[in-house]
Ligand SMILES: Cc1cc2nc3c(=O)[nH]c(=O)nc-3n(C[C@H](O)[C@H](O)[C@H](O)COP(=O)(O)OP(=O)(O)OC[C@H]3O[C@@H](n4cnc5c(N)ncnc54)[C@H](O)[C@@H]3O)c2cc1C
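First, one chain by itself: the form predicted on its own, in structure tokens.
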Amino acid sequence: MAKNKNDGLNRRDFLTKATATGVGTAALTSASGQTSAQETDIHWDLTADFVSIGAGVSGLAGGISALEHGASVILVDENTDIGGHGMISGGNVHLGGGHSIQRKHGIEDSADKIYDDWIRPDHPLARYNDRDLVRVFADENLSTFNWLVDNGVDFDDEQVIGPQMASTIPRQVRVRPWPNRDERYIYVPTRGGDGLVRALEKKVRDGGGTILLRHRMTEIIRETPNSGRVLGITVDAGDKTLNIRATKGVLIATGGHSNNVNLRRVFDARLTEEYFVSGDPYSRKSGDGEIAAMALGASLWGTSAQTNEAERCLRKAGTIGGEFCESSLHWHPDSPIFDEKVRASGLTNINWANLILVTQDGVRFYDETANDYDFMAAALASRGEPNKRNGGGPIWAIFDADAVARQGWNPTPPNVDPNGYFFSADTIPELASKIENPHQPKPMPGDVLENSVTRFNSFVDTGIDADFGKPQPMYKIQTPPFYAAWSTPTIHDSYTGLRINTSSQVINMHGEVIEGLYAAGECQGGFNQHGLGRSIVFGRIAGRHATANT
């Protein structure tokens, strides 16, 4: 942290010098009107009332909310564009309470109904939730929907999706894609998340907010490490380091921790490095916000939600043959990041009867048509690899030319990635010998894979899968060329994070508020709901509380 060279000056001289170097008196005065030694020691490069670490859905919502209360706003994001995972989402927003689209379709709803649904003891998504957070979420649903409309978000009013998750009535509404899309920034043309984040981005910029891209937070600055108010943040801007002062509040909106192998393994030791993350490679769920807050004593909350068996952290591959195989995210070759980062769209519309799934050792492990918690547990099971006892390792889909014909696939780039994620050969042993991937610890035994295929083919003859009960119809794997496609499960959302109160303020291990620090979205714990709704609600609350109450 940079020290000001004028430490020896008296206060009047220092303030004059600081103002001349771009650090005004507002940057040196805490919300209480008192100036701390820590504050006067720091050279602040930039100052705003409200600073968000992250310019995704939560950060944008918080920024607009703060602007509405007359605050100045800076949003920083390490990515090259705004939106986080919201940019490449389907644009489905889980909000109810009796809004206009629900009423149009005759759906009766209320805040009390939302609350009752999301504390249900009979539903794994609801039973673990912090009731105080659910109550404020429920009470904010209707006003947040209307607020989004007022801020330029265009919803498709033709349907209300659901019931979904723990909701017992339809609540989920879909955003229309951003009109007149700039082709340079259409990351996933088939998805509408840009209609949400572009509208919110426009509101932030039109309101005078500043968005700094390629700025990665490296530290949250506090009066002292163990006490006092959060003062601002330090960011790495590539060629320079900046200290950014937040006079009223800092929002952690960094999108969760799914990409951080060490942090995600705190919740499930099996989630080792071979499991890629939904939304990769557009934006990282780095865990940076949670780790920086925990360094100040912040507490995690509702950690059981990360491994519940309903809204699973881990998802079955939805596309195969490419590095990134999230089921609902089909990357298009026209995406501006495709050639550099994605490289393959993956083979889609998979009929699991057409193939078998094998481990890194070439062994079948479960009924390929299944998609339940037991399937995931089998995929993650240790195979006895002495140098890697945690994590199940790569899962490969094995199929033949007949399967390609039945599926109507074109197993060539850019549909598949032959650089480590898709292989072909004229024999099964040759196919096994070709499989080389950074997460494949040793060559796959050709005789083992051949035995697996032969045994499965015998089940097709009898019509009974004697190993795993795979239902008919099943198809033999017998016609060359033969193929091996990456089919390893992917990690989805972070379903837990920092403990917050009903004002989105971060709470420490002693149950006390860390003044000036807020969290929302996937880096927030205590409320296990997938999607954009909770991120918007708690981001909006954070911006409002930080600027209307200090």
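Sequential numbering from 1, following the sequence displayed. Just so it is clear, the structure is predicted and the values come from calculations on it, not from any experiment.
Beyond the structure shown, there is the form predicted together with this ligand, which is absent from this document and is the topic of what follows.
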query = Using 4.5 Å between non-hydrogen atoms, is residue 91 touching this ligand in the predicted bound form?
reply = yes
inquiry  = If we define contact as a non-hydrogen atom of the residue within 4.5 angstroms of the partner, is residue 258 a contact of this ligand in the predicted bound form?
reply    = no
message = Under a 4.5 Å heavy atom criterion, is residue 198 part of the interface with this ligand in the predicted bound form?
response = no
task = Answer yes if any heavy atom of residue 537 is within 4.5 Å of a heavy atom of this ligand in the predicted bound form; otherwise answer no.
result = no
inquiry  = Using a 4.5 Å heavy atom cut-off, which of 479 to 487, 62 to 70, 501 to 509, 521 to 529 contacts this ligand in the predicted bound form?
reply    = 521 to 529
task = Report the residue, out of 452, 359, 278, 102, that has at least one non-hydrogen atom within 4.5 angstroms of this ligand in the predicted bound form.
result = 278
note = Only hit among 286, 144, 243, 129 for heavy atom within 4.5 Å of this ligand in the predicted bound form is 286
task = Select from 76 to 100 the residues with a non-hydrogen atom within 4.5 Å of this ligand in the predicted bound form and write them out in sequence order.
result = 76, 77, 78, 79, 83, 84, 85, 86, 88, 89, 90, 91, 92
